[in-house]
Structures are given as C-alpha cells and as structure tokens.
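The chain below stands alone and is given as structure tokens, in the form predicted on its own.
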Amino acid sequence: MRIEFIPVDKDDTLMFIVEGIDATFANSLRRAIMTEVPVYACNEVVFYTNSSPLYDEVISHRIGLVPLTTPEGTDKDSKMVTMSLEAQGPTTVYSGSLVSDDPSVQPVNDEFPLLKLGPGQSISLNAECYVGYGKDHVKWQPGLVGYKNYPIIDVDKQRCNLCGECVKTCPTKILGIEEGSIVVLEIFKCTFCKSCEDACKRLNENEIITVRPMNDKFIFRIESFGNMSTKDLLNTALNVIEKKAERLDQLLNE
C-alpha cells in the first residue's frame, strides 16, 4: 500500500491518493470515518424556561446538530458534558451562548444561529452531551468522506491531430495543449464523464483519447465538521478497522 497526500488550502479538508487497495477496503474506510468515530453531541435537553416562538423539540434538534470539539482519546465510556444556555430578548441566540462545564468540549463555531428572542422573551436550559457514533444518528457524524478511482487518460499521440475539441469539451478544464501534444493538467478533477472521448469520436470516428479508472488506486477527500482534525479522523478510523479485523481473527480461531 502506498499513500500520497495532496496539498489542500483548507484546514478542515484532507485529500490523499492510496494505491494497493480495492473498492471494498476503500468503502470500509469511508464508512468507518463517517459512522465509527466517537464524538460528542448534545443528546438530551432540559428546559427551565422557553417563551420563544419555537417549540422545545425544535430548539433541542438545533442544539443537537451543533458540532462539538472532541478531545483525543474519547470513547463511548467518556463522561457526560453539560452545557447551559440563558438568554433574554430581544436578541439572536447563537451556539456561542452555550456554556460548557468542560473546556475541551465546546461548539466548534460560535456563530451557528439557534433562535431569535423578541422583547420580553427568554430561554433557560441545560443540554446533556454524550459520546456517540454516526451510525446511530447524523449528529454524531464527524465529517464527510468521498472517494473515486484514480483516472487514467491515454492519448494516442500518433493519431491525434491537435484539433483541441477534447480540450474545449472537458467540463472541468483538466486538458490542455503543450509542446504539440494533449496534456492532463489536473487529473484529480476528472469525473469520468468521458466528454473528451465523445467529442473525439464525433470528429475522428476513432478512440484517440480514452478515460478509464484504476481498480487499485483511489483519490480520497475528507472534510471534517470540526469535532476533530481530518488526520485524527483518519487515524481513528484506521484503528477501528484494525481492531475489528483483530476481533474477527480471534473469533475465527476460537
């Protein structure tokens, strides 16, 4: 197995190429990151006062979907964290108004709007936050993960007449003409639409350019919701897969 990281400008995004695996393992890694990584989320809310226009259930749902920072080493047995909220109208209440009893577990962003309070309206509550998994509810999902096969774009330079139709047709603009030949500029952006193939066939009636996937090489993209860093997400998911494999091996040997 070989892994190559792709530079990305965003702190919450990680891209890498992994070679030497099949689609089964690639999908297992995707599912492990999205559903098996333990993170904190508010699961139960106790209301003391709520004279806002929103029902308790609506406010509870919004608070539950606020991503919370999750310390390294967190597991299912980690302690409950309580967050309190008190506000008087007129005002807009944001996620930053949630006060946690654990400094390491906080909303990842203070600017998620929760509700608006008018004159004379108020709200007072405690939100109980537990560790859970994305497989149980989306509020415990720590991020989004996607992958695709690594593309191979072949050009028959002997028969290519450099008409440039494939370059103009490509919707992601990953093809160009340099030094008298068709070149691939940003292969990571290829979507396998095969527009270049179709354009070439219409003009030349031959497969001068072909696009095909590699079955043992994949491009991954991980976007964290902020509960933990993308590299921690990846490492935690790999540890989950390793432990499950060890458990399966143990059961098979018993």
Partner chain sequence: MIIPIRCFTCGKPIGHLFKTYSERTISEHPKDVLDDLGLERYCCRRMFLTHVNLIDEVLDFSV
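Nothing here was measured: the structure is a model prediction, and the numbers come from that model. Residue numbers count along the first chain shown, from 1.
Below, we turn to the form predicted in complex with the partner chain, even though it does not appear here.
None of 113, 171, 71, 164 but one reaches within 4.5 angstroms of the partner chain in the predicted bound form through a heavy atom, and that residue is 113. Of the candidates 199, 26, 54, 45, 54 is the one whose heavy atoms come within 4.5 Å of the partner chain in the predicted bound form; the others do not. Each of 65, 138 and 141 places at least one heavy atom within 4.5 Å of the partner chain in the predicted bound form. Looking at 151-159, 115-123, 176-184, 99-107, the stretch with residues near the partner chain in the predicted bound form, meaning non-hydrogen atoms within 4.5 angstroms, turns out to be 115-123.
Under a 4.5 angstroms non-hydrogen atom cutoff, the partner chain in the predicted bound form has residue 94 among its neighbouring residues. The shortest heavy atom separation between residue 243 and the partner chain in the predicted bound form exceeds 4.5 Å. Contact check for residue 11: no non-hydrogen atom falls within 4.5 Å of the partner chain in the predicted bound form. Taking non-hydrogen atoms only, residue 221 approaches the partner chain to within 4.5 angstroms in the predicted bound form. Residues are counted as partner-facing when one of their heavy atoms sits within 4.5 Å of the partner chain in the predicted bound form; in 18-45 not one qualifies.
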